[in-house]
Each structure stands twice: as structure tokens, then as C-alpha cells.
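Single chain ahead, written as C-alpha cells, the form predicted on its own.
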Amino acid sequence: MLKDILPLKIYTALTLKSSMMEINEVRLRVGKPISVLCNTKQYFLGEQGLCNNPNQAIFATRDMLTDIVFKASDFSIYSINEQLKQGFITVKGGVRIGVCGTVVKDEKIKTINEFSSLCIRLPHLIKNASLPIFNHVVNNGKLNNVLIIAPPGGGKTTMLRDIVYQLSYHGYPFNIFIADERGEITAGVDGFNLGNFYDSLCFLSKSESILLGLRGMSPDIIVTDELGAREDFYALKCAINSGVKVIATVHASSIDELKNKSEFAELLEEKCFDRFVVLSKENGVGTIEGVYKDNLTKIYGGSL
């Protein structure tokens, strides 16, 4: 998909010395050298590939950014304006483009134009990424409510995808509903093959999507990414109180950081989650730092 939206010069440079499977994100800032996060390390992008010298890098222009957004919208900015108003675009294949620029608004945001920065995040389907912790998701046929904790770019969504895939691969016929607010988990209708037993709603708020899924799809499991808004927690509690299991993610670097998030106080107090999986980038994206029980005692990984 990147080949369809990036200028040929940039796409060619990206593929000279690196594989797309190694690249996590590409950042373009007007008047600044293009930067690339590759295997959790930051580089600049030169005409001969990744480099460490900003003076050898390709510099982004406003025309370059405008062209990328135009192509990402399939040549119709209007068609993606609802996403654009939220500060991102998700294109085929689950590639998410974060957008900065000039906000046009009256009482509400109408659009973003005069683009100044783009953050292009590449999703990766890594089979078996969840195997080390899979028996903490489901054990002897019993599902747990699981919260995956990691810093930005720590592998939360990759882990989430593989859990969905592994449930199907191992023959568990659970009906899985994916509330895919930004289209990143499934990569849309023609995106990742995550098995035979999932349904998804894309580009709808997590809270609305979860409640629609509960009413319409009779799921055994609800899967969603990056909890944050108060409405998300209300919807999750509705699901859990209905007997539906939940597998979700949140931005945090540790259990202690999670405990300091006021939004999670009630969920932690009521022990809504049976297992907490903590990831980091310590030894590469998706490093499993530990698995914790509902009382936040460690049961897997590191020093117990």
C-alpha cells in the first residue's frame, strides 16, 4: 500500500537497505529531514536508504505531504474528512497516517488542511507473537478478561491481532467482535486474515461500536485497542456485566503507571480484568515483561 501513496523517491529509498517488515513508522515534517523508526531505532531517510546524518536526508515539503494525503484519500479528501477531523487517516492494509496542520473549525472541527506533519505507522501481522502468553488468555477452554499494557509502539496491536488469530487457529469457536475504531486491528474489510470467527466494525468510536456489537452480534469476546475515554470504560463494563469476555489494550509502560491512571481505578478495584500483560521495546517491539493476576501479582516473566 505504501507504494501507492508515497512519492517514488521516498518509497525507493525506504526499500534500498531495509525490509518493510522492519519499518515501524515514517515521519515527514515540512522543511525537516524525513525520519524512520526501524526495529525501534530512529534513522533519517536519505536517497541511498536509512542513514544517521540529517545532512544526507531527504527533506519533506508541503507539496509532498499534500500529495500523500491526496493519494491516501483515493483522490477525494471529502471521502476521508470524518477521519481527518480526528487527526488521522487509515488506508488499505491498516496503514495509519497521523496528520498535523491547520485546524478549520467553528463550534466543531470541520477539517485539517495546510498539512505540516505526517506520521505513517505500518502495521505488522506477526504470527505466533502471542504464544508465550496464550495460555493466560485461554486455559482449559476458560477465557480470561485480558488487558495488554505497553508504551506507544510497544506491540499492543500486533499482540492483539495474533491473539484473535490463535483463538481460531487452535480451534476455539468463540464469536469475536472487534471494535476497530481506527481500522488498525483488522486493516479493514480486505485486510489481515485473523481467522474464521471474528466480526468487526471500523471507524466508529469504541464505546458506540462495543454497544452495537453487544446488541447485534452476540459475541463471546470483544476485542478493542487503546482504551482512554470514560465512555470506553462504561461500554466495557456493560460487556463484562453481560458475561462477554474482553481483550483490550492501553498505553502505559508498567503496572505502576496503570495504577496511576484515574480512569482505571474502578476497573482495578472491581477486578474486571483477570490478567494483565505488560509489553515493552526492551529487546525489540513486543518484549513480554510480565503477566499479572487480577490482584496485580506477577505470575509470568522476569523475577517473580
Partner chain sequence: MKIVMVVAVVVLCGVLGRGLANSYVDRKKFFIELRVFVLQLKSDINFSMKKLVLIIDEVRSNTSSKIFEKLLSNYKQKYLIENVDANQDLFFGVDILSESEMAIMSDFFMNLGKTDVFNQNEMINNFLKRVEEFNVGAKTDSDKYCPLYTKLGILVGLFVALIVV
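Numbering follows the first chain given and starts at 1. Since we're looking at a predicted model, the values are computed, not measured.
Note that the form predicted together with its partner chain isn't included here; everything after this is about it.
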* Is it true that V26, N39 and R96 each have at least one non-hydrogen atom within 4.5 Å of its partner chain in the model of the complex? -> no
* Candidate stretches 170-178, 222-230, 109-117, 200-208 - the one whose heavy atoms come within 4.5 Å of its partner chain in the model of the complex -> 109-117
* Just one of V103, M217, L143, I77 has a heavy atom within 4.5 Å of its partner chain in the model of the complex. Which one? -> I77
* To do: May I ask you to state whether T66 is within 4.5 Å of its partner chain in the model of the complex, using heavy atom distances?
  => yes
* Asked: Is K92 close enough to its partner chain in the model of the complex to count, meaning some heavy atom within 4.5 Å?
  -> no
* Asked: T157 near its partner chain in the model of the complex, any heavy atom under 4.5 Å?
  -> no
* Asked: Heavy atom to heavy atom, is S73 within 4.5 Å of its partner chain in the model of the complex?
  -> yes
